[in-house]
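Take a look at this single chain in structure tokens; it is the form predicted alone.
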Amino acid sequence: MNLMPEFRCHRPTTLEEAVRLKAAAASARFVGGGTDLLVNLRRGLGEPTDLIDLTAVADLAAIRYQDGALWVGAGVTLADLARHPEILASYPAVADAALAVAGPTHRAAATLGGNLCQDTRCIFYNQSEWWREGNGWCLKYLGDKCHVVVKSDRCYATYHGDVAPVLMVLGAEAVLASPRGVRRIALAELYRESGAEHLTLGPDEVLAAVALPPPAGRRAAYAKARVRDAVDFPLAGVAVALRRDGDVIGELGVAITGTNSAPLMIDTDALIGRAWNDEAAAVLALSLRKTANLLRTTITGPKYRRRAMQGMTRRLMDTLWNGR
């Protein structure tokens, strides 16, 4: 690990002050719990001139109903998210996903905004500086070549967040703040399929909150595969939200993580109005294979991760369909 680089630290008390600071310093980074960013800085992955500490912005740590949705501030810790009464009552899959992140000490510090905006990961990127220098750097940072797909002109580092896919299948929106005001987008639109630039945030924007619509009869669940049953990032993760109309699927959302450079929704249109059975499972499995792009970005091989993803999806669908 390197020593921390030199930077100026700011601690605004309002969201307006925070976005003004970001607009004035292009290379500044927002920090909440720091469980992702600070580790990367110790590895020499970035040298921001300024860090903007958001922990004193009280509004970011609030969970409240507003405009018919449950607004969860980006500064809410994962520990608080997992035990909040409204989350447990109406969105238990969100609590389960939050509890699946790392360990208790991480969750006590890590924030929802940091988890959603975490950096992408790769075995050629998340290494010490001397290791990366000896290996010729990489396209994501300081280099000009992707070591995963050598002939590619894009980075294939993968996104490994647990909470994003659950929020996506529940129809959550991201609330973004900048000096120009506030805008809302579907959470899925916060991401793009590029390992080096996977967030669509503008240079002066910050994720301020997530707005969750009412459950509307949907039941959701999340599962992840990992080497150790604690601490580890998902080798593959799947979130499913299902509304059953009698003997057919009324509404279905499936999202994956740990497989691509962004958490992605799976096309499930062909399953609406059908019963859940082996034939429907085969259709969903094909859609999963078409979307997931599993490559050599982790210590575990793509074939295992692909099979784990499909197995977890079938298990979640069976459980939700049978009302368990």
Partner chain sequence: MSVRQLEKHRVGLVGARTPLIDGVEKVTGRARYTADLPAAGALCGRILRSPLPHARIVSVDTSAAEALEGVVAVCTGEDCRVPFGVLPIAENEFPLAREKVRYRGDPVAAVAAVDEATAARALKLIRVEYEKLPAYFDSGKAMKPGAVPIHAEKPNNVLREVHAEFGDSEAGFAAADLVREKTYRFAEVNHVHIEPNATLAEYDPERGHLTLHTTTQVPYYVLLKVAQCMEMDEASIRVVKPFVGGGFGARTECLHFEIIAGLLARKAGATVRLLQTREETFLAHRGRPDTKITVKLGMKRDGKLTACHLQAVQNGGAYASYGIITILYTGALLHGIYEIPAIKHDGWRVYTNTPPCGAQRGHGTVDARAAFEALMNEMAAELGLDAFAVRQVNLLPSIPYVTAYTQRVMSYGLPECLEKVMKASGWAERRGNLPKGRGLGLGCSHFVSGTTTPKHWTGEPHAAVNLRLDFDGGITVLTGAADIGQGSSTMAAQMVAETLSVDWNRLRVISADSALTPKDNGSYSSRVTFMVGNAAVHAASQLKRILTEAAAKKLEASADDIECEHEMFRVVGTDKELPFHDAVKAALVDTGPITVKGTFTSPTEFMGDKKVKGSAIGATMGFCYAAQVVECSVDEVTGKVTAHKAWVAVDVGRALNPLAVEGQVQGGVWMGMGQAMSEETRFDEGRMLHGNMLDYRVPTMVESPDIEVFIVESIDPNGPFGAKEASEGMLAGFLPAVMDAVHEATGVRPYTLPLSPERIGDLLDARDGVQS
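Just so we're clear, the structure is a prediction, and the values are computed from it rather than from any experiment. Numbering follows the first chain given and starts at 1.
The form predicted together with the partner chain exists for this protein as well; it is not shown, and the discussion that follows is about that form.
Not displayed here, the partner chain is approached by Asn2 to within 4.5 Å at the level of heavy atoms in the predicted complex. In the predicted complex, no heavy atom of Thr105 sits within 4.5 Å of the partner chain. In the predicted complex, the partner chain sits beyond 4.5 Å of every heavy atom of Lys151. At a distance threshold of 4.5 angstroms between non-hydrogen atoms, Val227 is in contact with the partner chain in the predicted complex.
Not one of Ala97, Arg243 and Asn322 places a heavy atom within 4.5 Å of the partner chain in the predicted complex. Remark: of stretches 173-181, 125-133, 76-84, 109-117, the one touching the partner chain in the predicted complex is 125-133 (heavy atom within 4.5 Å). Residue-level contacts in the predicted complex: of Ala216, Ala89, Val231, Ala186, one residue has a heavy atom within 4.5 Å of the partner chain, and it is Val231.
The listed set Ala275, Leu38, Ile299, Leu286 contains one residue whose heavy atoms approach the partner chain in the predicted complex to within 4.5 Å, identified as Ile299.
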